[in-house]
Structures are given as structure tokens and as C-alpha cells.
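For reference, the chain that follows is the form predicted on its own, supplied as C-alpha cells.
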């Protein structure tokens, strides 16, 4: 029951992901960070099979770093999105990755941007996007309340509304979420929204 969503604000982009590692009917952990920092100004939120998600996001991260090491300049967010799409498209004909991605970044020339890339390698630049069962509720809330000129505080308020809606309406809702932001200052973790801490069952 994964939930990954993101939006672009006035001069920043935000990606939010649940932090549950689940297999079948079992929850293995509730603090799994599904948002990878690709470099100083890019973040990648991913949903899908745990192995595919971890392997593919790390593969993209290392290739982005390799490009910068070889050429002395970082890839733009658009170039990273197209590289990611190309790798998914290549794998689709061989051994497909079951991974859906929301890529956010900030470039000096173009500002913040958000890209939606699904497991069959379709790529779209969007202002708001979501994957997983939580997307039904997150997209509805963002359709109603989203504005392109939102401040960080307004965007976080909207993110919290989305999380509340997912928790209250999804039949098997993830309890914890991680929020990351990217702007001219760089990519960083903004906050966690936790209703369960790992180990709480053992401590009880």
C-alpha cells in the first residue's frame, strides 16, 4: 500500500513517501527511506518492489555522480529524468524494473521541476504527481488545494492534508512518511510524519 507524491512550489519542489517496507501481509519496518538524494540538488522518490527500488535508485545515483566526476558539471534535472527514462526503457526489453519514480530537482537556469516516470518508461514533466494506492487521495487533495505559487509553509500544510487523508481513508494505510525538499539551497530532509516508531511493539 505504497504512497509517493510530490509537487512544485514557487521556488522549490517537495517529494513525500511512506516509509513502510512490506512483503505480502507482513510489515518488516516502518522507517524505510524511499527518497534517494541523487546529488546536491536532486531527489528521487520511488515505489515498487523493494529490491528493484533499492537497486535502480542506487544505480541512477552512482551514474549521476559518475557523469559529474567525468565531465566536471552536474546533469540538469531534465537530463537526469531522460537518462532514467532511457535506462528503464532499455531494461523493459530485457529484465524490467518494477519501479515508479518521482524525480525533483532545482537548476539555476530553470528553477524547480518535477518529473513523473513510471515502470514502463513514460516520462512527463508535471507540477504535481503521485504513485501508489495513496495517489487516489493525494491527487484529489492536490487538485483541490494546489497552487503554483505556494510557499513552503503552504505546501507543507497541503502535504499534511494529503497524509491525513491517506491515513484515514486507505484501508491498510502506511503510518509514517518522510518529506524531502529541494530548492536553491540544495536537497535535504525536511521532516518525518510518524504515528508508529520501529520497536514500539517490542517495547510495549
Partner chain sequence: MSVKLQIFEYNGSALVAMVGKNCFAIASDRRLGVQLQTVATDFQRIFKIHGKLFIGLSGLASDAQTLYQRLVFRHKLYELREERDMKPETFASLVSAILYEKRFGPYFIQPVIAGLGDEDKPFICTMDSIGAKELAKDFVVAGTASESLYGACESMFKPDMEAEELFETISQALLSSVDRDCLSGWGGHVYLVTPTEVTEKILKGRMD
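These figures come from a predicted structure and were not determined experimentally. Numbering follows the first chain given and starts at 1.
What follows is about the form predicted together with the partner chain, which we do not show.
**Message:** Counting any non-hydrogen atom inside 4.5 Å, which residue from 139, 37, 179, 150 sits next to the partner chain in the predicted complex?
**Reply:** Looking at the other structure, the residue within range turns out to be 139.
**Message:** I'd like to check something about residue 93: if you look in the predicted complex, is any of its heavy atoms closer than or equal to 4.5 Å to a heavy atom of the partner chain?
**Reply:** Result yes; residue 93 sits at the interface with the partner chain in the predicted complex.
**Prompt:** Quick one: is residue 98 in contact with the partner chain in the predicted complex, heavy atoms, 4.5 Å cut-off?
**Reply:** No - in the predicted complex, heavy atoms of residue 98 and the partner chain never come within 4.5 Å of each other.
**Message:** Quick check on residue 79: any heavy atom within 4.5 Å of the partner chain in the predicted complex?
**Reply:** The answer is no: residue 79 has no heavy atom within 4.5 Å of the partner chain.
**Request:** Verify the contact flag for residue 118: yes if a non-hydrogen atom of it lies within 4.5 Å of a non-hydrogen atom of the partner chain in the predicted complex, no if not.
**Result:** Judged by the heavy-atom cut-off of 4.5 Å, residue 118 is in contact with the partner chain in the predicted complex.
**Message:** Given a 4.5 Å distance limit between heavy atoms, list every residue of 119-147 close to the partner chain in the predicted complex, or none if there are none.
**Reply:** Read in sequence order, the residues that approach the partner chain (within 4.5 Å, in the predicted complex) are 119, 120, 121, 122, 123, 124, 126, 133, 135, 136, 139.
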